[in-house]
Each structure stands twice: as C-alpha cells, then as structure tokens.
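This document starts with one chain, in the form predicted alone, laid out as structure tokens.
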C-alpha cells in the first residue's frame, strides 16, 4: 500500500484536490443561484432548497436579455474583425519583404508591454469629441466598444499568427503563383485553411477576453440599456444591494458562461483537426 501510494497514489490525491479546488467555486455559485432566499448570507456550498426564482427575477427585474445581446454582439464582431485584420497583417509580415518590416514587428511587440488602460484618459477625451460629431461610434454604442477592443487585440494576435504563418512552407505560395493564383487567392484558398488552428485559438481568446472585459466597458457604456454582462451584473452587487441581489448575480453568472462554452465547442474541432494533421507526416 505504501509503495503504491509513493509510486501512483499521490498523483490521484493531487488530481482529486485539483478537481475539488476547481469545482468548489462553481458549486457555490450554482448553489447560490438556486437558493430560494437569494441572499449572500443564506448561500452555502450545499443548498438547503432549490428554486428558479432567481432566474425569473433576473429576466423580469433587470435588463439581462439586453446585456446578453450586447455582450455577444460586441465580443463576436470584435473577435471576427480583429482576427481577420490580424491574419492580413500576419500574412504581410510573414510573406512580404518591405522596408520597416522588422521595426513594425518590434513596435507591435513594444505596444503590448503597456496595458490599454494607460490610455484611458486620452480615449475618454477622444470619445467625448466623437460622440458629439458621430454619435453612432461614440459612448453607449456597439461600434464604439468594438473600435476600442480592436486596438488592444491586433498586436498580440498578429504576433501569434505570424509565427504560425512562418511554419507553412513558402513552396506552396510559389506553386500557387506558377498556377496563376493571386496574392488574395493564396491567402484565402491556401494559407487560411492551413492556419485554421491558430485562427481558432486566437478567436477563442479574443472572444473570452472581450466578453469578460469590465474596466473599459464600465467607463464607456454609461446607459443602462447599452451595458454588457460584466458591467450590468456588477451593478447588481454594488453597494448595499450586494446581499439582496447575490442570488440574481449568480444566476446571471451561470448564464454568462453559455456563449463562451458554445464558442469553445464550435472551435474545438478546428483545433483538434489542426493538431491531428500536424502530428501525422507523410
């Protein structure tokens, strides 16, 4: 028994502790979401009862449906646009040779060393002016937030994709060029299918980062109907309402995970297919 524990058993113990550590917060949130009282003080790891009243109050007493639509739309559009622009930039940096290429890559890397929140004062002043001139891309708008998130995601995504583009043999480009393919055809028909794993990974990371973002959304979305899930749910437990609305907050937290899980399940097959194709040679 001692020999088994020393060789193998301790690994099972570590695995059980890791699973318990990971599932503990989730179980507590689920317990609080179905807690009939719906308060923080009455929430326990094992619920004393079960009720869907918190979910009903979430849809009737708050703007949760609108927050949900706002978050999914902003995160989805920002992710798609940023991945497409990053793929174009990565293709240019990987396949083309031009003056300023190396300095441009270093500049992108340097920009990523500073968090986007450092520019929040300048961004706020810019958006104040933009809101007066073009309200459609100013405060409390989808496109305004999308423009904000694009600036923070392009650099890291470009670097990720550029490294993946470099692993694709350039002989494929040359063969396609001989067959009469244009640069656009090479990009869309040859390279993009081959780099689909990194596109899926970058898209997933961009979506998760955007839908969970709070600081910028809290500053630039000030109208109740324009808020995202992170901002709207935070407002439920802000101040003296923390204890009363905790059950509603936990119910909204569970529903917030649905888009992220859905995107992961959809992109998972592209990631697995890419890894499987890269592991088989010949």
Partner chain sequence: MTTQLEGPATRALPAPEVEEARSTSLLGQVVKIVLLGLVVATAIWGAFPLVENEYWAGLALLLATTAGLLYLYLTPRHIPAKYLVPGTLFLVVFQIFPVLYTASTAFTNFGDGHRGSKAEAITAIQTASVTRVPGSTEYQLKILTRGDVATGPLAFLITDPKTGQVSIGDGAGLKPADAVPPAGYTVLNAGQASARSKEITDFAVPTSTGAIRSSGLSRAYEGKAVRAYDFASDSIRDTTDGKVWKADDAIGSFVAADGDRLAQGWKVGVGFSNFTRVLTDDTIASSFLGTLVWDFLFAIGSTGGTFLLGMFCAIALQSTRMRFRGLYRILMVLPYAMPSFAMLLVWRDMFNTDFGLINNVLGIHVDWLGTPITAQLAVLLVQLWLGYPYMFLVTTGALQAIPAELTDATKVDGAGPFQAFRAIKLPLLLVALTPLLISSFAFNFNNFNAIYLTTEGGPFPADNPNAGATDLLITYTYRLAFGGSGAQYGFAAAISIFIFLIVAVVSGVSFRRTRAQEEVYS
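Please read all numbers here as calculations on a predicted model, not as lab measurements. The term rigid core refers to the maximal set of C-alpha atoms that superpose within 1.5 Å between the two forms. Residue numbers count along the first chain shown, from 1.
Absent from the display: the form predicted in complex with the partner chain. The rest refers to it.
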Does the partner chain come within 4.5 Å of any heavy atom of residue 233 in the predicted bound form?
yes
Using a 4.5 angstroms cut-off on non-hydrogen atoms, would residue 197 count as touching the partner chain in the predicted bound form?
no
So, residue 50 and the partner chain: in the predicted bound form, are they within 4.5 Å at any heavy atom pair?
no
Please determine whether residue 256 contacts the partner chain in the predicted bound form, using a 4.5 Å cut-off between heavy atoms.
yes
Answer option from 168, 192, 92, 77, heavy atom within 4.5 Å of the partner chain in the predicted bound form
92
For the stretch 1-26, I need every residue with any heavy atom inside 4.5 Å of the partner chain in the predicted bound form, listed N to C.
7, 8, 10, 11, 12, 14, 15, 16, 18, 19, 21, 22, 23, 25, 26
Once the core is superposed between the shown form and the other one, does residue 258 show a C-alpha displacement of at least 2 Å?
no
